[in-house]
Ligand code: C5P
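Taking the form predicted alone, here's one chain by itself in C-alpha cells.
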C-alpha cells in the first residue's frame, strides 16, 4: 500500500485554510486540528470536503464512552475520513467510538503518548511506571484490540507500533521533514521516504508545504520522494 501524504492545515482562518487547499493542488487529504476547528467550527470541514478532498479530523477525543460515541457519530455525519481519540481513554471508550462508526467509511486513529512527553514526564506527571518505548506499544495494542483502525505515533515509534498492532492497522505519523526542508523546532524527525520504509500508511506534513513559496511544488517533491 502506498504511503499517503496528508497536509496539516494548522492555520487560523477559513480564508487561509481554503487558500492552502487550493495551493496544494492534487493533494487529496487534509488534517484539521484543534487550532483551525476551534476558530472555524464544523463549517471548515464541510468546505474542505466540498472541494472534493478528504478530511482527517484531529481533535483527540477523550471522555466518557457515551460522550465520545456521540462525538464519533458527529464526525461520521460530517463525512470525515479519519478522526483521533486518545488511547488512554480505555477500552470501553474506544469500543463505543467503534460502534458509532460501524458501517460507515470513517476510520478511528488512536493517539498513545503525546510526543511532548519524555520518559521523566511520563513517570512523574502521568504516573506511569513505564518508558515511552513500553507505554506506546501497550496502548497501541489496547486501542486496536478495542476497535481503533490504527494509531498516530511519532516516526521513531513506527517499527514498535507495527510490531504491536500487526500489518493491517493504519499508522499515521506527524513530524515529517523532507530531506530538502529545514527542521524548524523539530529534533526527532524522519524524511517521507524513511517513514514509508518504516511502515507508515500516512505522513502528516505542515510547514515544509505551507511555508514553501510554491506549495504544489513541495507536494510534487514529497510525492516524488515517497514513490522513489
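Residue numbers count along the first chain shown, from 1. Bear in mind the structure is a predicted one, so any value in this text is a computation, not a measurement.
Separately, the form predicted in complex with the ligand exists; it is not shown, and the next lines address it.
At a distance threshold of 4.5 angstroms between non-hydrogen atoms, residue 202 is out of contact with the ligand in the predicted bound form. Using a 4.5 angstroms threshold between heavy atoms, residue 219 stays clear of the ligand in the predicted bound form.
Contact check for residue 16: no non-hydrogen atom falls within 4.5 Å of the ligand in the predicted bound form. In the predicted bound form, at least one heavy atom of residue 115 sits within 4.5 Å of the ligand. Heavy atoms within 4.5 Å of the ligand in the predicted bound form map, among the stretches 171-179, 65-73, 194-202, 38-46, onto 171-179 alone. Applying a 4.5 Å heavy atom cutoff to the ligand in the predicted bound form picks out 204, 205, 206, 207, 208 from 204-219, in order along the sequence.
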